[in-house]
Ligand SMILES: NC(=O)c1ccc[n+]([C@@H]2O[C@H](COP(=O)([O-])OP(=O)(O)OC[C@H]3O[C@@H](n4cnc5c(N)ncnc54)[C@H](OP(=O)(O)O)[C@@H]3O)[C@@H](O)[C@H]2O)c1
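This document starts with one chain, in the form predicted alone, laid out as structure tokens.
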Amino acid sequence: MRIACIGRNGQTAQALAAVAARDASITLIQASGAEADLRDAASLARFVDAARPDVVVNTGAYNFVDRAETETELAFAINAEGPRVLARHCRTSGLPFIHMSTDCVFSGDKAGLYSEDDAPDPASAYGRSKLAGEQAVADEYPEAMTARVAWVFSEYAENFVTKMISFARTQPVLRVVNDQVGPPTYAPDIAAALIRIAREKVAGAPQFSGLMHIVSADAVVRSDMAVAIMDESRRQGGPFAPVEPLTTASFSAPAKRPLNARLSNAKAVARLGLAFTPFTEALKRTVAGVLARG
């Protein structure tokens, strides 16, 4: 199976490369933003056509949540118009397409788990741009699959774990919100799920389109996750700092974050038979990888 992946440097893209490297049946062709720019339709078409893939996966995105409040036009160009163009090209080329989205399409006001059937209501410009991308893909290519993820972490690229360890090197106390809860999801698990979806799509599986939540069933408060990161870092000889829990409101960030980022993974587990790495084991691997690369 030949997979063309838009994105090379993000953590899901890097995890996809690591998982694919262990499977001789997969040929993964990845493009950086310079090679396949989501703002440039011609570059997307050139990359996809040259890759001669069986399936296309888009992991590329504008992920600067706070900056999107002022760089809204750029966020929509990359997160909405780019996926629209890519979906259209895949449809006209007869290629299965998998797009990636986020929990930020929801407001976070719901008490329980969000399912794929819940109506989105983004509270930030970033969330609105990602929702626009979901809708654009669905409009252009109804047979495409959009995988929503949340609170992704791993030893690859930058994420909440890398930030906490970096901050602990220079800050005496880590101030972390204690009123945001979500499912910390290990990037290699997402990569494995994307490959399973790709195999289903290439095999022509019927009614395998629309939305799917690829997230862990774990639910963790941000400040508790930070404590776990610091404890694991200290166990492995890395930097440590105590965590001071604070409310989201006390930070006055430009963009509003969902206080509840919990998504139901029931559909994905039932259809794909997914098994997610336990949080403690995934965190151990992540911290080891982050410390190893300094």
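Residue indices: 1-based, along the sequence shown. This structure is a prediction, so every number in the text was calculated from the model and none was measured.
Separately, the form predicted in complex with the ligand exists; it is not shown, and the next lines address it.
- Here is the short version: of 177, 149, 87, 195, the single residue with a heavy atom within 4.5 Å of the ligand in the predicted bound form is 149.
- Just one of 233, 260, 265, 59 comes within 4.5 Å of the ligand in the predicted bound form, counting any heavy atom, and that one is 59.
- Between 199 to 207, 114 to 122, 168 to 176, 97 to 105, the stretch whose residues reach within 4.5 angstroms of the ligand in the predicted bound form through a non-hydrogen atom is 97 to 105.
- With a 4.5 Å cutoff on heavy atoms, residue 38 counts as touching the ligand in the predicted bound form.
- The ligand is not drawn, but in the predicted bound form it has a heavy atom within 4.5 Å of residue 12.
- Taking non-hydrogen atoms only, residue 32 approaches the ligand to within 4.5 angstroms in the predicted bound form.
- Mapping the unseen interface onto this chain, residue 63 counts among the residues with a heavy atom inside 4.5 Å of the ligand in the predicted bound form.
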